[in-house]
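Coming up are structure 1 and structure 2: the same protein chain in two forms, each one given alone as structure tokens.
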Structure 1
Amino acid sequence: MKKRSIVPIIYILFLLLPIYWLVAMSFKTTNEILGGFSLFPQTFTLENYRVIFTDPTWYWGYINSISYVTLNTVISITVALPAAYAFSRYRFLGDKQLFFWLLTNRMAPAAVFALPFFQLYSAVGLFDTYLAVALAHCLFNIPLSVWILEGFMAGVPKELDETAYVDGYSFPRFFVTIFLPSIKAGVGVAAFFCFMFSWVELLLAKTLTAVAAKPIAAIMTKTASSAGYELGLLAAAGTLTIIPGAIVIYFVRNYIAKGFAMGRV
């Protein structure tokens, strides 16, 4: 083992400690958690998980979250692809300004824009639907996707496009069968970022939903306050929120490792 691998190891240990603590708590009873400090669960229990998997309010929270996150990722990538292509290949009126304006949309303090968002989505009749949250999260996911995809596309030589035209490919066919496969790592990375930011965002998701589309993270805060302070249950629910993310990283791990290397991002 080389000496320099010490740094990542220490860093990863630092990252895993709080996560270990959360997972350990999820196997404890609330009384044990509040009773005092213990490094490992003394009375190991699966009761917290049983509650989550049998109570529809809980497990629907996960289904809701996964639904709008998936929808958002699909929408963001679909519209970002042609836009990123335009930015990477063509020069047009106001392109630079537009590119920076897109980026500025991450900067509005969500805390106060939450109320106008509520009014807007109520007015168009989308309140408490997956689509509402999926569309709202486009505000920050589309600009980032365009940015990432543009980086990857700029890395693909323009000769590829020209050769395809000479060979008689139509634009859509060229885009889908030749261009897209050559930037699929970039699509993977952009999809990962969309998933991540939509999965963890709560303020807008909570504001735009009431019952039918309520995200898991919002259910956690509600149930915790009405049933006293069920720390064990809260920890179990928190632990389960890590799992979909971990699965997504597992699938895109090669894109992250190798994929980034292709473009200039």
Structure 2
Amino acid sequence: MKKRSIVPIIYILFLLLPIYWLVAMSFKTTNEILGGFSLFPQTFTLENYRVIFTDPTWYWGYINSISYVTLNTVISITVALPAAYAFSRYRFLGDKQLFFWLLTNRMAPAAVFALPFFQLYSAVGLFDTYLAVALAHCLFNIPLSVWILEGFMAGVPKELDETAYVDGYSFPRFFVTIFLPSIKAGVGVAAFFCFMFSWVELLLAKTLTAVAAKPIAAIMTKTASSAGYELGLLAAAGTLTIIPGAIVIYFVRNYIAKGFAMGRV
């Protein structure tokens, strides 16, 4: 083994250690976790996972999270695509200022908008719905998506648009059949960041839901019982929350690398 490969290996192992520890804890009982230090489960149990897959409170938390995250990703990308195209292809009065203003929304903490969203959605009947959380997350994800997609679109020559129009393509046909395939890497990168932000965001998701749309992140904060926190159950739930993100990363890993190369990630 070359010496220069030792440091990256140690670094990767260091990054994987918390994940291993979480997975190992998920197969332990709470008493064993509190009883002392052990690298491997002394009493291997699947009880924690059984509770999650049989208790509606737990598995509906995952369904709720996946539902509003998917809805948010679709809305954010759908809205960001035409906006990014306009910024990349046209110059108009105040375009740079508007583009900067979009990004400033992304800079604000979610706590600033929690109370206004709560009052608004309660008034219009959207409280405790998937759409409420999805729309709230759009405030952060649409500006980011516009910024990412604009960078990819700017790299596509304008001659492509002109050639398509000369060939008789209408704009919708050109955009869907020619332009979108040329920026599919950008769409993948933007969708990834929309998914990850919406998946891990807790404050807005917890504030804007009560029962019907409560996400798994909010349910995980309520694992306390009369005997204390159910650490094994919490570890199992945490392990399962990693899986959707890992799946998304696997499918868009090449697109993310291209985003880094273009300086948009």
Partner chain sequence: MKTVNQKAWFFVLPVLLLVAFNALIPMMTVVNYSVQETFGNNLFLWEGLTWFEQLLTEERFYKALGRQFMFTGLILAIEVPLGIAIALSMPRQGIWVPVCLILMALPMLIPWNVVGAMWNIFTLPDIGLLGYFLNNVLGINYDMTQDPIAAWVTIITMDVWHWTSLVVLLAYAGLVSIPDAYYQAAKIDGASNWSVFRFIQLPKMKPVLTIAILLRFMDSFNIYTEPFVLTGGGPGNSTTLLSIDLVKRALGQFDLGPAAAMSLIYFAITLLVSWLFYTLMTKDDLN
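Start at 1 and count along the sequence of structure 1; that gives the residue numbers used here. Here, rigid core means the biggest group of C-alpha atoms that superpose within 1.5 Å across both forms. Just so it is clear, the model here is predicted, and its values are computed rather than measured.
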Problem set entry | Chain form predicted on its own, by structure number | 2
Exercise. Taking the rigid core as the frame, does I10 move its C-alpha by 2 Å or more between the two structures?
Worked result: yes
